[in-house]
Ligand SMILES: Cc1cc2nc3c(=O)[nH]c(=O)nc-3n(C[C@H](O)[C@H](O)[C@H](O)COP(=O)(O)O)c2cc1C
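Shown here is one chain on its own, the form predicted alone, set out as structure tokens.
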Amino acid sequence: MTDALALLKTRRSVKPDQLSGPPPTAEDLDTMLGIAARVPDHGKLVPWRFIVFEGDHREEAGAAIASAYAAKYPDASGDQIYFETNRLARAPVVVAVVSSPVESQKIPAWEQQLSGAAAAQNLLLAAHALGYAACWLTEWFAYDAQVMRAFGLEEHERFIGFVHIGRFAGTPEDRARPALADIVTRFEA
């Protein structure tokens, strides 16, 4: 088995609250983001972008999430608000992958969104290749208009997800995978 196949076969998601520091170095993070950007992109439109949350800025972003949560749930407890404030502080670094489709007569928005999803997957693989653990989540706040505005999204943009990156002591558990017989068909005319 080649190193690339071993890498692909061993990538696992690790829950954000199981990720610890130290965070990726600036060089490692740039490498991850560069690899994330090496995805199929019909028309070379670059219909996605990244927002990096690190250091104390994770809690500052969390304050925007908590504010949106409090607006939705005015009876929220202090514990719930505290949890929302720390949503992006669970991992040392969080990268939001943003779908930013470009007006095009040739390339449908759906194809552009898939390119962004591929960027998120490449980010997960790059983190794993560099010895980090990661998890791609799309939680309630990814769909909240107040949070989108607070994080600088334009009207036409949406979050693809938030990739939490850190270190994990040990080997992540694998989950059950579907049997190929259940998910593969072969076309016959």
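Everything numeric in this text was worked out from a predicted model, so none of it was measured. From 1 onward, residues are counted along the sequence shown.
FYI, the form predicted together with the ligand isn't displayed, but the following is about it.
- Contact with the ligand in the predicted bound form, defined as a heavy atom within 4.5 Å, holds for exactly one of 29, 64, 135, 126, namely 135.
- In the predicted bound form, at least one heavy atom of residue 12 sits within 4.5 Å of the ligand.
- Although the partner is absent from this view, residue 60 stays clear of the ligand in the predicted bound form, with no non-hydrogen atom inside 4.5 angstroms.
- Proximity of residue 139 to the ligand in the predicted bound form: non-hydrogen atoms within 4.5 Å are present.
- The closest heavy atom approach of residue 160 to the ligand in the predicted bound form falls within 4.5 Å.
- Taking the ligand as it sits in the predicted bound form, the stretch 72 to 106 never comes within 4.5 angstroms of it through any non-hydrogen atom.
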